[in-house]
Structures are given as C-alpha cells and as structure tokens.
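Next up: a single chain in structure tokens, the form predicted on its own.
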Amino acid sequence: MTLDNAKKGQLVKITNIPDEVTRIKAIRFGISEGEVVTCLEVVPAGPVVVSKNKQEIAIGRSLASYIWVEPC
C-alpha cells in the first residue's frame, strides 16, 4: 500500500520509493526506504502527517501516493 492509504496511528515501514525525483523529495523531509514512521493524521484531500524521531512531518498527498509502505 502507499503512505496516503495508511491509517491514523499506524506504524509503517517505508519499503519502496520508485521514482528518483520522489526519493529526493522524501530525503529532504528526512525519510527514506527502510525508515519506520508513525502515521499521525491523514487529512482528507490534504497532507499525511507522520512522526519520526519525535519530529512531525507533513507530506503532501501526491508525494505520499508514490511512497510504498507496509504495516509493522
């Protein structure tokens, strides 16, 4: 599944970011493949807010739709 389909409170591991441009954008947010993040909020038609290392990161829905994750 992709990050935009994660549920609030769900712990997910980022498994694949297939597109190079998307991977660069994700790295700018401090996330990369193999990272485990907690989905804090999925705003309808808005960003996906995740938590990593006590830091909250709002990721645009279009970017989140290209980030593949699996539940932990």
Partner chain sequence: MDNSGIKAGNPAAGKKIVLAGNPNVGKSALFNILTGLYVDVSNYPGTTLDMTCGRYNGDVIIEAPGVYGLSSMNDEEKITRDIILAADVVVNVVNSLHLDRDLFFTLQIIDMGIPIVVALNMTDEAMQVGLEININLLEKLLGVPVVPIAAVSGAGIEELKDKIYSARTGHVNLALMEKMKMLLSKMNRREALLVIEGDAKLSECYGVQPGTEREAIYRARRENVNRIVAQVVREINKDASIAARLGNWMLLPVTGFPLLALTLWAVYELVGVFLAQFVVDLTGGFMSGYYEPAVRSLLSGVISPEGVIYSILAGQYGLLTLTVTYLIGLLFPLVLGIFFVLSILEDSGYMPRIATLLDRTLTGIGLNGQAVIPLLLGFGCVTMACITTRILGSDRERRIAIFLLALGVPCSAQMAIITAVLAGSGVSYMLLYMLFMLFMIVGAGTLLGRFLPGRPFPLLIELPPLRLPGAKNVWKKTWGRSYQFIKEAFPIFAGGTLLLGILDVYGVLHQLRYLLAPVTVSWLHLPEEVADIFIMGFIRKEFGAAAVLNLQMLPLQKFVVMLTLSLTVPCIASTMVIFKERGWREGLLIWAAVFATAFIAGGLATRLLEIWLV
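Positions refer to the first chain, counted from 1. Heads up, when I say rigid core I mean the largest set of C-alphas that superpose within 1.5 Å between the two forms. Quantities reported herein were computed from a predicted structural model and do not represent experimental measurements.
The following text describes the form predicted together with the partner chain, which does not appear among the structures shown.
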Subject >> Interface membership of Val49, the partner chain in the model of the complex, 4.5 Å heavy atom rule >> reply: yes
Subject >> Residue contact check: Ser32 to the partner chain in the model of the complex, 4.5 Å heavy atom >> reply: yes
Subject >> 4.5 Å heavy atom contact, Ala58 to the partner chain in the model of the complex >> reply: yes
Original post:
Looking in the model of the complex, any heavy atom of Val12 within 4.5 Å of the partner chain?
Top reply: no
Original post:
Listed by sequence position, which residues of 28 to 44 have a non-hydrogen atom within 4.5 angstroms of the partner chain in the model of the complex?
Top reply: Arg28, Phe29, Gly30, Ser32, Glu33, Glu35, Leu40, Glu41, Val42, Val43, Pro44
Subject >> Threshold 2 Å Cα movement between this form and the one not shown for Val36, core superposed >> reply: no
Original post:
Fitting the rigid core first, would the Cα of Thr22 be found 2 Å or more away between this form and the one not shown?
Top reply: yes
